[in-house]
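Given as structure tokens, the chain that follows is alone and in the form predicted alone.
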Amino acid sequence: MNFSLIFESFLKILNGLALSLEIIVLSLILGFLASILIVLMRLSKNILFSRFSRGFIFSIRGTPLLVQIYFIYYGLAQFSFIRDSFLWIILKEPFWCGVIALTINTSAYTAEIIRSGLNAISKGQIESATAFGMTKFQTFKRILIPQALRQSIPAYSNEIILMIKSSSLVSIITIMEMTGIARKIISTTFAPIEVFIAAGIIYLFLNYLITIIFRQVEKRYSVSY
């Protein structure tokens, strides 16, 4: 085991940390916003909206993220109408393809997390809100969403951890985040064990921080029974 190589690789891989965090944070924010829309469609009485959201969630959760990344980066480029449209400004960039793939993936999982949180809320609270004259939107905004988010804290923390690990997959589309740099180092050193140990330490530390942060958040905001 070459410990000096592990240390050298660790320092080099850290150069991709900022890009990794940018991809992760952007994807989580956009994915969370999209998940709210998906939940609203999922709970809608409009059968088209409801079926679309069900199909979307089923498709995304039922296929590997790696396939989704390949499809967005390589697959969409096969269509001439995509290349000739304004979408090509975004889809020709590996960075945005990676963000879009991660956003779509996390939005499906987050939507189900929020939906399960909503289902845990007693119907009596909804009836009480209606009795007080609240509209459906007010009930959703002031009562359902705040409680659903508190209910969903443990599950969502796991989703963030999974996203941090999943972000390493965007290296396959030439994005030089941490795993991309690690792969480049391996191509010159032919020492995958040492290099991936260095990368693994960084990912482990990031997930440890998330665990600590959400443990405190959960203590403060989680619903007590």
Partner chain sequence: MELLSFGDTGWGDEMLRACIMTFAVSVCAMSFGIILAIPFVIMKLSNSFILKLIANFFTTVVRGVPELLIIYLFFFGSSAAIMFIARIFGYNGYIEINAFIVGAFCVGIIAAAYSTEVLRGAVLAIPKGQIEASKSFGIKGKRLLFGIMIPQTLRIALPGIGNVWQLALKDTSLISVTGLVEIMRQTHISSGVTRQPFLFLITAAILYLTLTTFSNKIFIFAENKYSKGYV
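Numbering follows the first chain given and starts at 1. Just so we're clear, the structure is a prediction, and the values are computed from it rather than from any experiment.
Another form exists, predicted together with its partner chain; not displayed. Remarks below refer to it.
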Just give me the single entry in Ile185, Ile175, Ala199, Met41 that has a non-hydrogen atom within 4.5 angstroms of its partner chain in the predicted bound form. Ala199
Pick the stretch from 70-78, 131-139, 148-156, 96-104 whose residues have a heavy atom within 4.5 Å of its partner chain in the predicted bound form. 70-78
Every residue of Lys165, Ser168 and Thr179 near its partner chain in the predicted bound form, heavy atom within 4.5 Å: yes
Answer for Leu48 alone: is it within 4.5 Å of its partner chain in the predicted bound form, judged on heavy atom distances? no
Is Leu66 one of the residues lying within 4.5 Å of its partner chain in the predicted bound form, judged by heavy atom distances? yes
Is Ile193 one of the residues lying within 4.5 Å of its partner chain in the predicted bound form, judged by heavy atom distances? yes
Just to confirm, Leu204 within 4.5 Å of its partner chain in the predicted bound form by heavy atoms? yes
With its partner chain taken in the predicted bound form, which residues across 89-128 come within 4.5 angstroms through any non-hydrogen atom? Tyr109
